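Next up: a single chain in structure tokens, the form predicted alone.
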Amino acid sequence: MQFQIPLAEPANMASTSRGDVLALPKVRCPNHPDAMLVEDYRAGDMICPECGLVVGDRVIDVGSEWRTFTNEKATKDPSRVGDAQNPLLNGGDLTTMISKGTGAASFDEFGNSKYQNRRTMSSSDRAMLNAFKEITTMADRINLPRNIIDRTNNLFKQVYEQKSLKGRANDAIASACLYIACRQEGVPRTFKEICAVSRISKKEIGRCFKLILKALETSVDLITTGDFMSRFCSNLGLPKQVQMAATYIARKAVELDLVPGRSPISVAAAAIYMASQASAEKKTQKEIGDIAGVADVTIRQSYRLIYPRAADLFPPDFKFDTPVDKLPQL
């Protein structure tokens, strides 16, 4: 007796999640959408275990074609089905990469390789791929998570396809996109921090930042002193009590309008200096300036603005190691 497995209709073969632009199509059984599909590796079919419906055929096995042993892992890659798809590239990066030949038939009479990979990828995809690598490198240097890298890649792709920043270097656009992504994800970084991990000047990143916001018609939330306080205090090795006091001082100074026109970074640095000087964990202006990326004179200027009201800025439960009247006057 022969059994025939029914094939799914093409219209019901897959249901796609539309919530995310980057979401790949997810194959489900139209009759049993919650059932875990069984994959027949020999035939390349995805079969519903409930009703036996074939909901996907000719599935590509992305695994290795043969076994890999420890001593061969460093020299050979047993997987020959290509790299993972990149939905940010045109065509999903379904390109063919030819490995470098070793025999005499792989080179012409002048010693040049007969097979060139350059022709298998368009110039736009190649430019975007190089930018994605640069973004990943910069993000790794300042320990940014994967979701920020993905958002940065999306921003760069939108800007690149619009061609609204022609004439600007791709590295500068990538650095500005990374700065915007950090702001949008709620973990802002300063221009100096982005500049430190890229090869672009602070001025050029700032120009691209403004142009990208205008081109994409998007916006970012205003940065506050609280966005940097925990990171600065952690890098300085200050205890939780000093961090909470510095946060309170900075917020109170802004509420009382003691620091008009001052950047949140300089206000945060001045608040950290005041809180540390009042505690047992004292830090110098240079130590704070190196972490915050601001000059000593900038910290002094902001500190002088808030010093006259120092008694009103500290939280009520703060334990003083140095009284308010003994704080440095600068």
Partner chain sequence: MESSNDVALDIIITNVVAVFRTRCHLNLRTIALEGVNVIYKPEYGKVLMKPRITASIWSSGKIICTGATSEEEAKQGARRLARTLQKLGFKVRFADFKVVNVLAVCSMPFAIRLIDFTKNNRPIASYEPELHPAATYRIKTLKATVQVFSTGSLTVTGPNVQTVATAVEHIYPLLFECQKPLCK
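Residue numbers count along the first chain shown, from 1. Please read all numbers here as calculations on a predicted model, not as lab measurements.
The form predicted in complex with its partner chain is left out here; the points below concern that form.
**Q** Taking the shortest heavy atom distance, is residue 247 within 4.5 Å of its partner chain in the predicted complex?
**A** Heavy-atom contact with its partner chain at 4.5 Å: absent for residue 247.
**Q** Using heavy atoms and a 4.5 Å limit, would one call residue 301 a contact residue for its partner chain in the predicted complex?
**A** Residue 301: no contact with its partner chain in the predicted complex.
**Q** Taking the shortest heavy atom distance, is residue 265 within 4.5 Å of its partner chain in the predicted complex?
**A** Yes, residue 265 is a contact residue.
**Q** So, residue 206 and its partner chain: in the predicted complex, are they within 4.5 Å at any heavy atom pair?
**A** Contact check for residue 206: yes, within 4.5 Å of its partner chain in the predicted complex.
**Q** Does the trio 239, 307 and 326 actually contact its partner chain in the predicted complex, every residue with a heavy atom within 4.5 Å?
**A** No, none of the three is in contact.
**Q** Taking the partner as it appears in the predicted complex, which of 256-264, 164-172, 148-156, 135-143 has residues with heavy atoms within 4.5 Å of its partner chain?
**A** Only one stretch passes the 4.5 Å heavy-atom test: 256-264.
**Q** Can you pick out, from 130, 235, 219, 102, the residue that has a heavy atom within 4.5 Å of its partner chain in the predicted complex?
**A** Checking each option against its partner chain in the predicted complex, the one that comes within 4.5 Å is 219.
**Q** If you look in the predicted complex, which residues in 166-184 sit within 4.5 Å of its partner chain (heavy atoms)?
**A** Residues within 4.5 Å: 179, 183.
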